[in-house]
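This document starts with one chain, in the form predicted alone, laid out as structure tokens.
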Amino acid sequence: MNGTIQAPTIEYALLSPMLIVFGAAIIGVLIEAFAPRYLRKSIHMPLTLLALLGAFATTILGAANGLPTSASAMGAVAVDGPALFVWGIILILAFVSVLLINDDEQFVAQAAAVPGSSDEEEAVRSGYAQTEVYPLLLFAVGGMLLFSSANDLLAMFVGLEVMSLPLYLLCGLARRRRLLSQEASVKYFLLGAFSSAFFLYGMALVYGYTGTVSLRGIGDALGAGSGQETLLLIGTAMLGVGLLFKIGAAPFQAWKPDVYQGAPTAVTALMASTVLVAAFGAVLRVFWVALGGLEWNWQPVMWGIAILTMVVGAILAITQTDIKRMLAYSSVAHAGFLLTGVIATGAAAQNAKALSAILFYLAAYGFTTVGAFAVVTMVRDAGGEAGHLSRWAGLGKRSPFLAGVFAFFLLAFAGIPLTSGFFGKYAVFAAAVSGGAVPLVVVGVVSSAIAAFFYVRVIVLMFFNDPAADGPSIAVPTVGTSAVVALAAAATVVLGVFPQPVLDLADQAASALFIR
């Protein structure tokens, strides 16, 4: 009798972070349906923050109570060490991003109104706010939690769609430059739909070869073999396309600069940090757990993709004149650096070392990214945020503190010592060297040197150029924006000066690898 009660209880406890987030999202939908318009935001904001905090607290409790030895939810979700670490990162970064989203200047008053129409003017005069962003964000975060911890391809696909669909909508809700925002939303939706179709078709082909969608079952079937390797290889390639699109790896990176530029900057911060974390969680599970026995086939292709991603991201970032597009290509280059860790497989100890390095890199990069985009929201001109790099000239003389903080984030992206970026790159490259991927590390170091050029170029522009007479103004930050910048800067400093506690946590999370 006790056994029949305890097993579901333990399973619900393991899945509680995901259940809390999805439950809060459903409550948010009910608020949108029944609460008066003037009360919605005052309810949504604390509900969203409390849900994310509660989910994070239950994640910590789950890790403290010990890790399970088998998957939950009838084998569909693996709540193991890497999953809990990834969940923690996603929830913290989502919490920080919500503080940015609380800025009314980010989002359109009424999304259904045609840009420039009288309906839009009336919505602005009436003080309307697009409060749907809060339940949409919670659904996206819940999808990220499922996507990164799914133990079978079908659950992973569901997580992918639950994560992606709200983000397609959020990208089209910018208050300024609405046509650009809507264009970004449509591009992201169309290209994302194609990538999802690739993933789904690849899942069907892999199922046709193995007879299962379970990651462990696929891994076991690879050892048995069935003589239909062509079916398996095509399916693996299609799964790879769907997953690599989400991390923005070349040649599937074309959506990133357009979407990052057009989306509200708070949403860009959310996507640039949390989506990358969730997507790499899924990439590691598919290629290490399900397709680990096929590494001699996918590793050479992944080598080429990692090299192309690092080089394309670093070189194309130099040519950009918009600050958000530059950060988008910077994100592409960082995805390439992380792929070097994915390739660095070997014995169990080597896999644990590579996994630990990737987890630390994701944490370090996520905080720095959110902080950088928070600074972007404060540099504004008459048309909204001052995106063109020429508008940032002389910013160090107009606002030395803000420019200094942004320069610090850029130096962290470049991997300068005493920043979190340095230890992140060092950990990933050291794991790659241990795994025998020395040529890949050489390309990574060269790409980092190229990337440092455009980071330093922005710093020189801010501090060594004279500001224009009609230059941008520095918006007075909200309490939330100030908190985001402070938290991101503190995390970047702490992880750069005293990274060992987080490295130890990553080592502990990676020590048992994934549930199989």
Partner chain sequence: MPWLSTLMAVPVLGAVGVSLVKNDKLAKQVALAVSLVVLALTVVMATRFDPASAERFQFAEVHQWIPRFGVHYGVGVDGIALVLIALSALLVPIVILASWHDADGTGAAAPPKRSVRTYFALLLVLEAMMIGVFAATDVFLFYVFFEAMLIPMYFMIGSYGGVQRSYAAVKFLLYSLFGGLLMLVAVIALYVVAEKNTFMFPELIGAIQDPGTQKWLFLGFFIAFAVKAPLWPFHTWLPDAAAQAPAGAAVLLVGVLDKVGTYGMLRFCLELFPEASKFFTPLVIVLAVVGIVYGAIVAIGQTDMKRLIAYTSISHFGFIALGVFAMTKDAGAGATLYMVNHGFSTGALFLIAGFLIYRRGSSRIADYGGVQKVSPVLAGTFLIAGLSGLSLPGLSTFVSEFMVLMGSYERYKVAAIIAASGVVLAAIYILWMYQRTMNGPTAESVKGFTDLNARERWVVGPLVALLIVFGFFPKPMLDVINPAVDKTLSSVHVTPFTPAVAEKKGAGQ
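The structure presented is a predicted model; accordingly, all values stated were derived computationally and were not measured. Positions refer to the first chain, counted from 1.
The same protein also has a form predicted in complex with its partner chain, omitted here; what follows describes it.
Asks: Of these, S196, Q110, S434, T345, which has a heavy atom no more than 4.5 Å from its partner chain in the predicted complex?
Replies: After the contact test, the surviving option is S434.
Asks: Counting non-hydrogen atoms within 4.5 angstroms of its partner chain in the predicted complex, say which of A449, A486, A475, L30 makes the cut.
Replies: In short, A449.
Asks: Heavy atoms within 4.5 Å of its partner chain in the predicted complex: which stretch among 170-178, 440-448, 369-377, 284-292?
Replies: Single hit among the candidates: 440-448.
Asks: Quick one: T58, F95 and Y128 and its partner chain in the predicted complex, is every residue within 4.5 Å by at least one heavy atom?
Replies: No, none of the three is in contact.
Asks: Would I459 count as a contact of its partner chain in the predicted complex, using a 4.5 angstroms cut-off between non-hydrogen atoms?
Replies: I459 belongs to the contact set for its partner chain.
Asks: Heavy atoms within 4.5 Å of its partner chain in the predicted complex: does A430 have any?
Replies: Judged by the heavy-atom cut-off of 4.5 Å, A430 is in contact with its partner chain in the predicted complex.
Asks: Is P499 close enough to its partner chain in the predicted complex to count, meaning some heavy atom within 4.5 Å?
Replies: Yes, P499 sits close enough to its partner chain in the predicted complex that at least one of its heavy atoms falls within 4.5 Å.
Asks: Should W303 be classed as touching its partner chain in the predicted complex when contacts are defined as heavy atoms within 4.5 Å?
Replies: So W303 does not count as contacting its partner chain.
Asks: Which of the residues spanning 406-431 lie within 4.5 Å of its partner chain in the predicted complex, based on heavy atoms?
Replies: Sequence-ordered list: L411, I416, P417, L418, F422, F423, Y426, A427, F429, A430.
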